[in-house]
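Each of two forms of one protein chain follows alone as structure tokens, named structure 1 and structure 2.
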Structure 1
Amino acid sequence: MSTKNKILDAADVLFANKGFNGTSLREITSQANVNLAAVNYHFGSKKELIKAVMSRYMDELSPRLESALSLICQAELKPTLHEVFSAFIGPLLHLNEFKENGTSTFLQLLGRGYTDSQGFLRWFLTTQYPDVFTNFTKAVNIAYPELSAEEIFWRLHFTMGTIVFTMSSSEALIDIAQNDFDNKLDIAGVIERVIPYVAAGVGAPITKNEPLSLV
């Protein structure tokens, strides 16, 4: 394995488990068994390393996801939000073929971009892979045209929180399903469980925001 890939693999696991802010370059170099100069040589900075880690997944995910969402947008019949979110299943599960536990790891990393306040990462993803976000927003608009841009932002933000929490505890959820309900699930089963929930949340009726009464 090349030095560059050793660094990426080590960073991949540490970033997912400990977060971007909670992982130091020295921890990464120790895990990868390389010196600090190697990180600077191949990536230049921690931010560039974070981008490179995410790009490995996005380069695999984005073409498949763009294609799936494009089909949704071009369909003759108006799609449901359940169909829009279901378009993610195949591309996400492909990441398990790309890398062991790739689906869970990627979703954890994506969530870290929000919980660790990595604004540069969100900017990087939206500018480097704009068609994914454009097609997704378009598909949501087609399925639920009454939603304003602001309402879509909030609902997708809440959706991300649900997915990140679910994926970060997916192993525990799989164990609970087996032990408490005698239901043997894998990561695909967990994703299929969460999709109706987030689709229903995004598709909730629009209500007028009024101040809460303290009485």
Structure 2
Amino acid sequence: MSTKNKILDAADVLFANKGFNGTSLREITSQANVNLAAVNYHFGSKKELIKAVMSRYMDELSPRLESALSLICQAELKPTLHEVFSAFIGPLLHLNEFKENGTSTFLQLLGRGYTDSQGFLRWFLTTQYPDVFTNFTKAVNIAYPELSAEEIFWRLHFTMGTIVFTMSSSEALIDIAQNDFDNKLDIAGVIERVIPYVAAGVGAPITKNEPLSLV
């Protein structure tokens, strides 16, 4: 295996578990059994390595997601929100074949990207992969046309939060659930449970903008 890939494989697991700031190049290179200077030689800088790690996943995910969503949109009958969100399942779980624990690793990375390093990764993703967002918005709009663009914006970000946050701590949550409820669950099981939640959330009835009553 090439040095470049050895670095990427070691980096994405460490980044997912300990964050971008929390992972040093020395950890990555010693885990990957390569020289410390290899990162700067092959990627230029740590920041570029982070981009490369995310791009490897996005390039695998983004086309599959796009075709799954366009399939939904072009169907004869109007899709339900549940169907729109279910379109994510296949592409996301495919990351597990692409790399071991790929799905949860990627979603953890996504979560890190939104909080670590002051949102430079959010900028990177929205500018490099804008289609993912617009396609998703379109699909939701078809499934629930009464929702204004602004409502969609907010509810999609709420959904983002639900998914990303859940997956960031999915290992810990699965452990707790296993202890408390004796119910063995994997990442697919968590996704299965979160889909009805976010579908119902996005599909919530529209509320008028009234001033809040401070109870």
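Note that the rigid core is defined as the largest set of C-alphas that superpose within 1.5 Å between two forms. Here, a residue number simply tells you its place in the sequence of structure 1, counted from 1. Everything numeric here is computed off the predicted structure, so don't read it as measured data.
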Exercise for review: Name the structure that is the form predicted together with the DNA; the other one isn't.
Suggested key: 2
Check your understanding: residue 88: with the rigid core matched between structure 1 and structure 2, does its Cα shift 2 Å or more?
Key -> no
Point to revise | Large Cα shift (2 Å or above) at residue 98 between structure 1 and structure 2, core-fitted | key: no
Check your understanding: Just checking, between structure 1 and structure 2 and with the core aligned, does residue 108 shift 2 Å or more at the CA?
Key -> no
Revision key, fill the gap. Students should find the CA displacement of residue 172 between structure 1 and structure 2, rigid core aligned, in Å, to be 4.3
